[in-house]
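Below you'll find only one chain, the form predicted on its own, shown as structure tokens.
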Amino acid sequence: MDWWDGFWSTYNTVIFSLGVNAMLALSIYVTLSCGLLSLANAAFMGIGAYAASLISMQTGLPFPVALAVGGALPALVALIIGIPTLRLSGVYLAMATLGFGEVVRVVVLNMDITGGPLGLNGIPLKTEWWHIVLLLALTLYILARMRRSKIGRAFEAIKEDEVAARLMGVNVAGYKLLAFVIGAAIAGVAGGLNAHYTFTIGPGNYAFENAVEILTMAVFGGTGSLVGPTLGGMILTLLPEALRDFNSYRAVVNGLILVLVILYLPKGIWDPRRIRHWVKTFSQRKPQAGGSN
């Protein structure tokens, strides 16, 4: 099993990132499913990462407790800032949440306890592969149950027509806040997992570029179902590794693929309606081809 040991030591960070990025894509899927264009998920990931790391480094509390705090603290922050912020919508909400992300980055940059510009180094390596698999599966299960519940139907109604949803008696402000808090909690847990296998974190890990990257994962995969963001997060994690042979042109090829997908597959690579159409077309052609023989 020497080959496996070599493979794992080389690619374990990439494999771990598959699950963590899938969780991040799912975190923004929750807000998008309620019609909210929020770019605060990178900041929530950072809050979760720093909170979980500080607990691991400065207390003797178990790893599950650190992860729980890493999810709870961003959820609390989302609850506080969500009440005034979620009155905005569309691009104004995106700008406000982007501004919040910059505030978090500057605060972290100037605090001694967070290590300032150098960040935190020497974070204990506590994340195991099964932690990520378990939490990703739990996230998918909860979101799938929520999608079929009254909450999921309210999210869908608000996304389709907010005014009509309000006239039908849906508590629009309450459900928007709920989606914002759930997305923040998932991003925070993902940040806690990420910090405990990368050994080090810094303010630059949760900046504007990361916020756009998380949004791209969900849009690339498709926001029509839970499968889309999960696939989008995993594929965009693997894509840079698969394009290593292109050397300095890797970023260009990566960007070109993203542009082509956005242009020709605007609903993402996983669009259930389009896939059903393809399957139906293929099944209709097959008997015709058999009949002509």
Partner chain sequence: MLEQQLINALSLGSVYALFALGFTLVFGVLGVINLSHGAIFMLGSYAALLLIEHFALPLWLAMLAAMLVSGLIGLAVDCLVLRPLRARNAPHLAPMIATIGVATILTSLAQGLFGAENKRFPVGTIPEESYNWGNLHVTAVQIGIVVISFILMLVLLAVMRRTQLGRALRAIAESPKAAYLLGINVEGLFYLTSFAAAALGGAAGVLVGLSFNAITPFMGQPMLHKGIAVIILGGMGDIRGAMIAGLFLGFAEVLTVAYISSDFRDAVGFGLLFLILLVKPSGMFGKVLERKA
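This one's a predicted model, so the numbers in the text were calculated from it and none came from an experiment. Positions refer to the first chain, counted from 1.
The form predicted in complex with its partner chain exists for this protein as well; it is not shown, and the discussion that follows is about that form.
- Proximity to its partner chain in the predicted bound form, defined as a heavy atom within 4.5 Å, holds among Leu32, Ala68, Leu239, Leu54 only for Leu32.
- Checked against its partner chain in the predicted bound form, the candidates Leu167, Val91, Ala144, Ile113 yield a single residue with a heavy atom inside 4.5 Å, and that residue is Val91.
- Every member of the trio Ala96, Leu263 and Pro266 reaches its partner chain in the predicted bound form with some non-hydrogen atom inside 4.5 Å.
- You can rule out all but one of 126-134, 145-153, 82-90, 197-205: in the predicted bound form, only 82-90 has residues with a heavy atom within 4.5 Å of its partner chain.
- Shown alone here, Met234 lies farther than 4.5 Å from its partner chain in the predicted bound form, counting heavy atoms only.
- For the chain shown alone, Leu37 is a contact residue for its partner chain in the predicted bound form, at least one non-hydrogen atom being within 4.5 angstroms.
- In the predicted bound form, at least one heavy atom of Gly255 sits within 4.5 Å of a heavy atom of its partner chain.
- Contact between Val212 and its partner chain in the predicted bound form is found at the 4.5 Å heavy atom cutoff.
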